[in-house]
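The form predicted alone is given below as one chain in structure tokens.
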Amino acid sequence: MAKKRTIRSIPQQRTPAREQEPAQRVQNFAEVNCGYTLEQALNEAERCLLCPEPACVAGCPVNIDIPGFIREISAKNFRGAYDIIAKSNLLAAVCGRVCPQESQCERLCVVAETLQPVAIGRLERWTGDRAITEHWTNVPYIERNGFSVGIVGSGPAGMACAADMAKAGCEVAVYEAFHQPGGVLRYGIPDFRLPNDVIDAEIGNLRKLGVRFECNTLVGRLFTIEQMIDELGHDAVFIGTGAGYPSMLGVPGESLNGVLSANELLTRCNLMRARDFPNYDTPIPLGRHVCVVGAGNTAMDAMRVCLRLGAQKVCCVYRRSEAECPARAEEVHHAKEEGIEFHWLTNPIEILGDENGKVRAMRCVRMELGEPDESGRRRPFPIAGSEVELQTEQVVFAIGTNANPIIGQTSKLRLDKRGYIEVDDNLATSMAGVFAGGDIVTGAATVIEAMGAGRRAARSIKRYLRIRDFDEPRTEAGSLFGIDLNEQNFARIRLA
């Protein structure tokens, strides 16, 4: 019998991950975090107390059995560890890289009350990477039920919903506006954080489940949501298009040559391969001095991309202090290591141009913090007479995104006052048979939260289509000979 682990008996130090040196990595797009070796993974797995009532599971939006998969790593049953994760999450290698574990599962880790929390995300990534290397897949026996489900958007929410509906026996078609599937994973996250081959491997697992991807298909232009049901023959539709419509600040000078959104910058670099110009035909305008406005993860990605594309100086301009910065601490740390300059408590008020209409500087005002606002962060106020000019040739806005209006403009779906799709507690929209989830409902959130929404929507779609969902608990009515009492005297028929 294995000896019970205690806070004193486990390794006291969190196992560090291997990383490229800063001077080396700014010259390439290879991954910064090189992941754990086998020995490192085994050592970190020993730090888990294997709690019988684990709080960390509740912190995971898809409720992965975290102690369960870590126990299997400790037992060197690595395939078993992957199988446990795959029951809840088919994108282990993705989520292990980009999810903010420090504010989700790791925040609730019991070990964190005394020591640093168990590196759950790094162990999940290690398991996912091993699954890719060993070509492990979890393809269950699937009995087709004749239903067809259309998924709009191939990002995390769409992929999670597609996987669950394919496992339930439905024919699943995913419609993606871009020429490659992956959504924000593909266009929004650089290779040095999430390599494309990892995305390709995870999408390959969906194809093995029978999911069909239809790229270069912009729903709302080629056909509407209504037509997906009335003409394309889908019995249900899930909308997971994300919120990729960029926000701008609305200051004078935004139309100058040299101003763009982080979404455009990252899409050009990542999906359109502008980083390999001229081998690829996508150019990308880049000044020697670049200012990125914002301090979220997208801003960090944009700044670090600019360095790798050859910018001599890159700075972050953020109206609050570092304490209010929404980016992951690891991303800020990496940006600082790579030489990014940070101008905290600084807010742009005008972009200045030269005689040719190109950006030459950005006028800013210094800020001070007052009481917390509705976001819980302290509200910034300008300091009178504190204006400064930052010399720059490029301004990149990374201050958030909005819902793309195309779906709302071309369908009869009810929207909220912000333009996001309105849903009920079951993620059902105002249109029968149409469900939505992820950023298009909530606004920008994390990858794993979007996946959680996709899985919730899949459960609702199963109920709508009267498909037995074996993942749902039994009702209080009980069962007779294995048949739920609520389902007796009921049979589903389909007309030819």
Partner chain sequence: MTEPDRAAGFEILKREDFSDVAYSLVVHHPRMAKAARPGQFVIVMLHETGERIPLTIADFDRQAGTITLVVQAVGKTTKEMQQSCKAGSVLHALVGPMGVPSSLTGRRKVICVGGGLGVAPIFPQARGFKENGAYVIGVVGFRTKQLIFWQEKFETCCDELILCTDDGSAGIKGFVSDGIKLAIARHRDIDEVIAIGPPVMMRACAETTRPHAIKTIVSLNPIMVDGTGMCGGCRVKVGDTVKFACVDGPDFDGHKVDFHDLIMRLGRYAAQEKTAAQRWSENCRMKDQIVPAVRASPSPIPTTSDLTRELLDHLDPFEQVLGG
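Positions refer to the first chain, counted from 1. A quick note: this is a predicted structure, and the numbers were derived from the prediction, not measured.
Absent from the display: the form predicted in complex with its partner chain. The rest refers to it.
Point to revise | Interface segment, criterion being heavy atoms within 4.5 Å of its partner chain in the predicted bound form, picked from 313-321, 400-408, 110-118, 383-391 | key: Contact-bearing stretch, as computed: 400-408.
**Study point:** 4.5 Å heavy atom contact with its partner chain in the predicted bound form for all of 4, 9 and 101
**Key:** Result no, not one residue of the spot touches its partner chain.
Review point. In the predicted bound form, which of the listed residues (347, 261, 205, 88) lies with a heavy atom within 4.5 Å of its partner chain?
Key: In short, 261.
Review point. Tell me, which of 338, 368, 254, 226 has a heavy atom within 4.5 angstroms of its partner chain in the predicted bound form?
Key: None of the others qualify; the residue that does is 254.
Check your understanding: Might residue 179 be said to contact its partner chain in the predicted bound form, defining contact as any heavy atom within 4.5 Å?
Key -> So residue 179 counts as contacting its partner chain.
Check your understanding: Taking 4.5 angstroms as the cut-off for heavy atoms, does residue 329 touch its partner chain in the predicted bound form?
Key -> Flag for residue 329 set to no.
Check your understanding: Taking heavy atoms and a 4.5 Å cut-off, does residue 272 contact its partner chain in the predicted bound form?
Key -> Yes, residue 272 sits close enough to its partner chain in the predicted bound form that at least one of its heavy atoms falls within 4.5 Å.
Review point. Does any heavy atom of residue 297 come within 4.5 Å of a heavy atom of its partner chain in the predicted bound form?
Key: No - in the predicted bound form, heavy atoms of residue 297 and its partner chain never come within 4.5 Å of each other.
Point to revise | Sequence-ordered residues of 259-297 touching its partner chain in the predicted bound form, heavy atom within 4.5 Å | key: Read in sequence order, the residues that approach its partner chain (within 4.5 Å, in the predicted bound form) are 259, 260, 261, 263, 264, 267, 268, 272, 277, 278, 279, 280, 281, 282, 283, 284, 285.
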